[in-house]
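Just the one chain here, laid out as structure tokens, in the form predicted on its own.
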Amino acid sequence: MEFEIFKSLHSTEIIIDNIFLGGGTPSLLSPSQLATIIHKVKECFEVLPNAEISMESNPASIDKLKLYEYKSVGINRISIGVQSFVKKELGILKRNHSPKLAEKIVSDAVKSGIETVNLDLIFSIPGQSLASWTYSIEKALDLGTNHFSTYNLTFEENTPLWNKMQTGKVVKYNDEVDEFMYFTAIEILTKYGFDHYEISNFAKFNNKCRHNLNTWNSGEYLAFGVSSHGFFEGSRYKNISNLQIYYEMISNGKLPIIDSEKLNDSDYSEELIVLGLRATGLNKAKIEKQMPLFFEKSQLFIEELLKKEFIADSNTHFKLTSKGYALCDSITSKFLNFL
């Protein structure tokens, strides 16, 4: 297996704080197959006893029995791609589950005892109203989920939805509508005690996603499997996307990496800004060490952001507020000008 090949090429002990099974639909695998993967990771690396073990899924690929089996094999966080609890909106998104099935699966996930149950919800779906968006959020709250990922619908080029937009069959909402729906989610979820800890993510209690936070904090992560992307020993790398060639390389004892790039100082400086602003903010200690003059150059801009309450200042970070997250791209772009 790829784990074993990677382990054989690295003599130093690698400590794992979280395992993320995703980038597809791992819930199509049986619980016993997932258990084999988790066991192999623990066999090859030092996995901490309290590690987060998270998996992605969609309502049509799981059931009550599977959820209880997932918990028994060590899954303590599950992310369910519900997207909406409104039938018409699910149809527009071409999802293969009904609102009724989604409700049942989310309820079963909460009852299973899996520690963190995340729901992916999408806003600005063509034809979606503020009332229906609010309905989906409140339905999820009623079911007892403790983590939300809310995403603005994007129209990817050459997809069916993109083509419909080009022919006028669907209309993309403007930025003002997007922003209004985004702030509606923030208002509702913060009212119910959720921490808006990352641009698209909200968590209750101690249910923040460690995998996400590690990524936004420029932490290292190993990647295994077809088309996966990793960051290790200062280099970003990606695996081959061809399944047949992947298997051939693994069979020959070779890592299926097709591209690797060492981050230089400029790349690393840029990532501290771009990734940091999405979640925990600008890490003062890291940035001052990497770029001693950065805060001196950006002082006036930071003062302006503080005055407008777009960022908050703590002892360790300059973190975007919910108001600031809505302008994340433009704020990030301006910060990059001070590099």
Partner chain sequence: MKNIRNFCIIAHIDHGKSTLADRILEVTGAISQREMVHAQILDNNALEQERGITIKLHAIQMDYKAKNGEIYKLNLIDTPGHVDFSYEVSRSLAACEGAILVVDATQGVEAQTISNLYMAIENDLEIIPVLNKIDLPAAATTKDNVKKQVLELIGGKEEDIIEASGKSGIGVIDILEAIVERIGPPKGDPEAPLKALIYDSIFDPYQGVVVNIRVMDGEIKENDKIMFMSNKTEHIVEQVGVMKMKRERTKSLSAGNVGYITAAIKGLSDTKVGDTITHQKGGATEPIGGFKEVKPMVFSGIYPSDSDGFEDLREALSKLSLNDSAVTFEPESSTALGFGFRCGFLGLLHMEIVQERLEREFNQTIVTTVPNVRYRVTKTNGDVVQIDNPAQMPDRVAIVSLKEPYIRAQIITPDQYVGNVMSLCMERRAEIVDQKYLSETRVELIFEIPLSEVVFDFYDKLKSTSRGYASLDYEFSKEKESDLVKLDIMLNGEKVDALSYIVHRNKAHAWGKKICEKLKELIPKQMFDVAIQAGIGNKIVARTNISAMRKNVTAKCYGGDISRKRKLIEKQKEGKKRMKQIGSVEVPQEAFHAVLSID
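Just so we're clear, the structure is a prediction, and the values are computed from it rather than from any experiment. Numbering follows the first chain given and starts at 1.
Same protein, other form: the form predicted together with its partner chain, not shown, and the subject of what follows.
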property	result
Whether 85, 115 and 196 all lie within 4.5 angstroms of its partner chain in the predicted bound form by heavy atom	no
Proximity of residue 157 to its partner chain in the predicted bound form, heavy atoms at 4.5 Å	no
Touches its partner chain in the predicted bound form: residue 182 (any heavy atom, 4.5 Å)	yes
Residue 330 within 4.5 Å of its partner chain in the predicted bound form, heavy atoms	yes
Contact test in the predicted bound form: residue 215 vs its partner chain, heavy atoms, 4.5 Å	yes
Heavy atom within 4.5 Å of its partner chain in the predicted bound form - residue from 220, 142, 267, 248	267
Heavy atom within 4.5 Å of its partner chain in the predicted bound form - the one residue of 255, 226, 110, 263 that qualifies	263
Interface segment, criterion being heavy atoms within 4.5 Å of its partner chain in the predicted bound form, picked from 30-38, 57-65, 303-311, 281-289	303-311
Residues of 157-188 having any heavy atom within 4.5 Å of its partner chain in the predicted bound form, listed in sequence order	175, 176, 178, 179, 182
